[in-house]
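Coming up is one lone chain in structure tokens, specifically the form predicted alone.
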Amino acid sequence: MIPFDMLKELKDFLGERVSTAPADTYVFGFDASIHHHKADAIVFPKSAKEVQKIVRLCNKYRVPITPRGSGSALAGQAVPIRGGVVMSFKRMNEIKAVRIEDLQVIVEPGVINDQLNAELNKYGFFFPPSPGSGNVATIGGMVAMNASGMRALKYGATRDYVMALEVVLPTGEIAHFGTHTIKDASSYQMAKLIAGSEGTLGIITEITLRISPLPKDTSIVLAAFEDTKMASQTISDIIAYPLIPASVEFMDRVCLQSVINARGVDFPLVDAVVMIELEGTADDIKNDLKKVEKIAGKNGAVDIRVSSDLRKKTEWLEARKAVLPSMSQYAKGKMFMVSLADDMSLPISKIPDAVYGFHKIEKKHEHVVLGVYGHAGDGNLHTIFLIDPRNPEAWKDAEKMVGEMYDLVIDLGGTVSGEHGIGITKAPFMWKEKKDSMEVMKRIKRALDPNDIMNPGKNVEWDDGILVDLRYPVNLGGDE
């Protein structure tokens, strides 16, 4: 609980921008993960100075604070697992400067990704990371998660575009990390450390990002396969050709059926589809199309479609982005999507082994249907679990599957998260993967946050299982 004196101080300078209403504290206890924990208060700062004052109060009274963008995190990062204050950045959403001549843009953390790109597109530029939740994901949240998306194969992830950050540290100091120059070899790269730290080391209040020119033209190849392993092999073969498309996306039959059910999109219902986005000049694309069609054909593609039409390309890309929210349509009300092992990343050459292995594991667990999709061109796979969330046996099956799948990922030389981060849901498996570096990361956390107020209990601090504080009405203990 928040001490009365602290709550009074918050209300004295924030007024109506602090809420303890039960409806707010309940709703802000969710993100897009399987977890939920009620907050004690929600605050809506408008400036870095206000953020600083709130953080100092939290540090003084030893009250946890959880930064929050739009709540689209999938591993519990925005869930106030220890209660306390949730800090929303809805009121800090200004694009402060667009500096085309310096290849940079300066924004507040609450700016939405797609809104930023709508503004940059006016100048012929864009911010390349493109998460599926780009219509709601905030730039602050993307930096905190080191988000990426479809174009990471060619363009990289958010951290690669972070030039400078203004950060309020857990003890209340305002620090400026990074530079406004393209090159920076000055000492420790603190901005890169904050990027991906999931709000555990400080609160980001201003972001300077590098931007890129829009591509001249794009085309998409949709290649359909009746053999999932050959579809996966096509991805490795494209990269090894060598050819680096803007994106290479993978969807298995479960994902395809889901988006067809939900959106009526004209996708072939096969075991797997690989969607390859090519960009460049008209001649570049023409040459690359020949290469892609040759590789897909050699691997047994049963259908190859090509489109340069903006409407069709948008339809295909939006359908791919809609896999996650469409998954519950697969079983039409009998099973529902839950986010568990949803974000592993592997060496590209190991994608065929991983996809085959995941489906082999699925066959051992009768209460789970598994969908596999993702940004396979850069080795990033997503898996979606379909279960009846009211059934304790389904959760037990799912938990066993998660462990087996991450064991496979680690054995194949992969990592437990490519872009969604660790939070709560993936923490036990990160401990297994990074056991020889966990103590170093914990030392950094203790040094910057000595009173453990900044998004506590997440990432390197989580030492429990994954089926805790569930948002679903299920009794996992078996007691009536």
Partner chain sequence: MLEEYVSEMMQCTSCSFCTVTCPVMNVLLTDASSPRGRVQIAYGLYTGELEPDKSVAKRLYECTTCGMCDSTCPSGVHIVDVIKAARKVVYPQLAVEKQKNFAGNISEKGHTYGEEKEPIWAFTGFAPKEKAEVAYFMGCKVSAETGHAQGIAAVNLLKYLEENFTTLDEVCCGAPLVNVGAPEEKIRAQMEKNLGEIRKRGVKKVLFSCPSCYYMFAKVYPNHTDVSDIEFQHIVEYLDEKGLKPEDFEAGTEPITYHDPCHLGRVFGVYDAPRNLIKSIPNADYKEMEHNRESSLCCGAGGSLALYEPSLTKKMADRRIAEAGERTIVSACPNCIGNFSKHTKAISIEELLWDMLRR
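In this text, all values refer to a predicted model and were calculated from it rather than measured experimentally. Numbering follows the first chain given and starts at 1.
This next part talks about the form predicted in complex with the partner chain, which is not shown.
Using a 4.5 angstroms threshold between heavy atoms, R68 counts as touching the partner chain in the model of the complex. Contact check for G15: every heavy atom lies farther than 4.5 Å from the partner chain in the model of the complex. Using a 4.5 Å cutoff between non-hydrogen atoms, A32 counts as a contact of the partner chain in the model of the complex. Though the partner is left out of this view, P325 does reach within 4.5 Å of the partner chain in the model of the complex, counting heavy atoms only.
Note on the partner interface in the model of the complex: the residue among K90, R99, K396, H176 having a heavy atom within 4.5 angstroms of the partner chain is K90. Taking a 4.5 Å heavy atom cutoff to the partner chain in the model of the complex, the contact residue among M163, V270, I112, I239 is I112. The stretch in contact with the partner chain in the model of the complex, judged by heavy atoms within 4.5 Å, is 135-143, chosen from 343-351, 279-287, 308-316, 135-143. In the model of the complex, A21, P22, A23, D24, Y26, V27, F28, F30, D31, A32 are the residues of 16-34 with at least one heavy atom within 4.5 Å of the partner chain, listed from first to last.
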